[in-house]
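In structure tokens, the next block holds one chain alone, the form predicted alone.
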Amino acid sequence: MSKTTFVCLSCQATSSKWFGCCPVCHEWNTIEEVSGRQPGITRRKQHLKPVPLQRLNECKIVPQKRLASGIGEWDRVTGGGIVSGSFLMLTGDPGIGKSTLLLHIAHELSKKHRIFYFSSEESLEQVKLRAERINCVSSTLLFSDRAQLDEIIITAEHEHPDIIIIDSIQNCYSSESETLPGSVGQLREAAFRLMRLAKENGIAVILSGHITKEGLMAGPKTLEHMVDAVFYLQGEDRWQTRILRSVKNRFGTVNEIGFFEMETNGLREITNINKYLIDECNSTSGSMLASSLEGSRPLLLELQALTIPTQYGVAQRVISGIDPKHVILVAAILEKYLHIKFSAHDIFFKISGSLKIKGVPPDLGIALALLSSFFQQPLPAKCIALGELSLTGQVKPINGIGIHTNEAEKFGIRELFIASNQKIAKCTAQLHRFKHVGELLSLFN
């Protein structure tokens, strides 16, 4: 029996009719029609059998086999390579380079493994033109432009490749469903069937998908819960840089990032992003170097601050690349204990290179950048701040400082601003220790 229901894309609430505003989560224009054959919910008891139970100490662990592509930035973000039988999702803005990145990965992996590439959005002629442009034509990599999910699954079960890539999941459809490709019903069914394909056959499945205007992965939220890993490919204005970030990864570090540069012949990995960041740093007032740990990678960032007396009744706060509330919090701490009226100043703050910090904010670096701009005095060249500020004005040590100092010393950092009780093993740079924010004023006399 065919039944039509309406599902909210935001909270997954169901109803028998369409609403402009979801009655549960009150989001607008998120209700979508789902029609198709509804599976039976109840089963007779005589058809059910008890499930086998096992103690964990009796469970045998099979070592996970990882398929490394040789593309260092991709392998870093995935946690060392693709795990056999894993279910992965790559998403990002239209035209950001998802298909190009997947083609690079497929080309490299096909040198040692069997890879099937299903292009549901482009014809084989279009895929060939891109492959020739980025030098990814391979005799061992097999392609198809079929989008029917049943055919893809049957082919994978029969041929048993190591990896199948589907670009993209929104264009795939099932003959058993009456809804259009990309709808909630189609996406749920496709994700479930592909997940079972991966787990039961040991075939790694990589999907590409679109994102919404809010920057989230398109489709029901359950899709993110079903996959083993979600990777976002984001664009930056500087250097045509693409940042690959893991927001979920059952086989690696969350928030790990990799850097690529878009060129005429495809994506080129940037193995040493800190060199690009350091080369553009200038020792001017309002500029301060800090280090932020993104996943397992320390990034050396130039913090830029500009403070000017406000010309309006309410001071402006224009902040990009970092949580605005955190910069405002640091400014409030400085105003409280240093008696500097930042509340009467406009504050403009950004991270050089248009990068966005998702790790622990560099408190001490933010404070020094604000003070440097306020006093119009530059800080010493080749110096970096590594410390946390408490609401009482104390400068606190940070965890894992050795990771940051080792990276900083590679690029000739000569001075470190740290907490007075910060423990540090080996460091050739000159150390400046501070116990309270009031002691920071000694740098600007």
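Numbering starts at 1 and follows the sequence shown. Bear in mind the structure is a predicted one, so any value in this text is a computation, not a measurement.
Same protein, other form: the form predicted in complex with thymidine-5'-diphosphate (TYD), not shown, and the subject of what follows.
K.L.:
Could you tell me which stretch in 362-370, 143-151, 259-267, 158-166 has residues with non-hydrogen atoms within 4.5 Å of thymidine-5'-diphosphate (TYD) in the model of the complex?
P.N.:
Of the options given, it is 259-267.
K.L.:
If you check 176, 323, 200, 93 against thymidine-5'-diphosphate (TYD) in the model of the complex, which one has a heavy atom within 4.5 Å?
P.N.:
It is 93.
K.L.:
Sort through 134, 315, 277, 293 and report the residue having a heavy atom within 4.5 Å of thymidine-5'-diphosphate (TYD) in the model of the complex.
P.N.:
Among 134, 315, 277, 293, a heavy atom within 4.5 Å of thymidine-5'-diphosphate (TYD) in the model of the complex occurs only for 134.
K.L.:
Does any part of residue 98 reach within 4.5 Å of thymidine-5'-diphosphate (TYD) in the model of the complex? Heavy atoms only, please.
P.N.:
Residue 98 belongs to the contact set for thymidine-5'-diphosphate (TYD).
K.L.:
Answer yes if any heavy atom of residue 111 is within 4.5 Å of a heavy atom of thymidine-5'-diphosphate (TYD) in the model of the complex; otherwise answer no.
P.N.:
The answer is no: residue 111 has no heavy atom within 4.5 Å of thymidine-5'-diphosphate (TYD).
K.L.:
If you check in the model of the complex, is residue 225 within 4.5 Å of thymidine-5'-diphosphate (TYD), heavy atoms only?
P.N.:
Looking in the model of the complex, residue contacts with thymidine-5'-diphosphate (TYD) do not include residue 225, since no heavy atom lies within 4.5 Å.
K.L.:
Report yes if any heavy atom of residue 130 sits within 4.5 Å of a heavy atom of thymidine-5'-diphosphate (TYD) in the model of the complex; otherwise report no.
P.N.:
Yes.
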